[in-house]
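A single chain comes next, written as structure tokens; it is the form predicted alone.
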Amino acid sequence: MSDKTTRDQIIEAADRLFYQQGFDHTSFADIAAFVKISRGNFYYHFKSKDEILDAVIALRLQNTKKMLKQWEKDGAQPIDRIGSFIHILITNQAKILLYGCPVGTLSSELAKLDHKSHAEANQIFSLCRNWLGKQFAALGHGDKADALAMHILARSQGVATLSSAFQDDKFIAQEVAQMCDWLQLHAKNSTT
């Protein structure tokens, strides 16, 4: 028996379906069917799709914070931690080829819909940007740390988008290798 509550199961199902189908194309009925609960039981936990979206964004923020904390723990040096961020493209390659980046696709969709939760979804990008900036600052790039963080963030989003569009797993591997080479160059050129 699962330790997860029905509410947790609904959030996880919504997270998965929003990623695979898109927020706008996922209905209450889709989520209820995925969790195998009645619509009445579903409405007991969530009154609107926006409530579910808020819970999904909170879950993604929580999971991202945990991932970044784990990379902090596992990575002896800032270059190792930034490398973990870059290699997430390889780790999630199969999903990225099918659906793109979960953060980028949701944020982009909410922007197109002019949805009120767009700013909250962007918090995940901000979290990553700030974390990467901290790593580049620790490498000795002070004033350039944020620009370097944005470069890696933008490039990883571009790789996810184009690899999904072209269904090209070799492109992901090639771009990850180039980003790692770029990172090595910037580690050597740091001021520390």
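Since we're looking at a predicted model, the values are computed, not measured. We number the residues from 1 along the sequence you see.
Below, we refer to the form predicted in complex with a further copy of the same chain, which is not included among the displayed structures.
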- is_contact(Gln184, a further copy of the same chain) in the predicted bound form, heavy atom dist at most 4.5 Å: no
- For Phe28, is any heavy atom within 4.5 Å of a further copy of the same chain in the predicted bound form, or not? no
- Determine whether any heavy atom of Gln21 comes within 4.5 Å of a heavy atom of a further copy of the same chain in the predicted bound form, and answer yes or no. yes
- Message: Quick check on Lys112: any heavy atom within 4.5 Å of a further copy of the same chain in the predicted bound form?
- Response: yes
- Has each of Ser107, Phe166 and Glu175 got a heavy atom lying within 4.5 angstroms of a further copy of the same chain in the predicted bound form? yes
- Task: Heavy atoms, 4.5 Å, a further copy of the same chain in the predicted bound form: which of 48 to 56, 65 to 73, 34 to 42, 143 to 151 makes the cut? Say which one.
- Result: 143 to 151
- Query: What is the one choice in Ser84, Gln77, Gln93, Asn122 with a heavy atom within 4.5 Å of a further copy of the same chain in the predicted bound form?
  - Reply: Asn122
- Task: Scan 60 to 97 and write down, in order along the chain, each residue with a heavy atom lying within 4.5 Å of a further copy of the same chain in the predicted bound form.
- Result: none
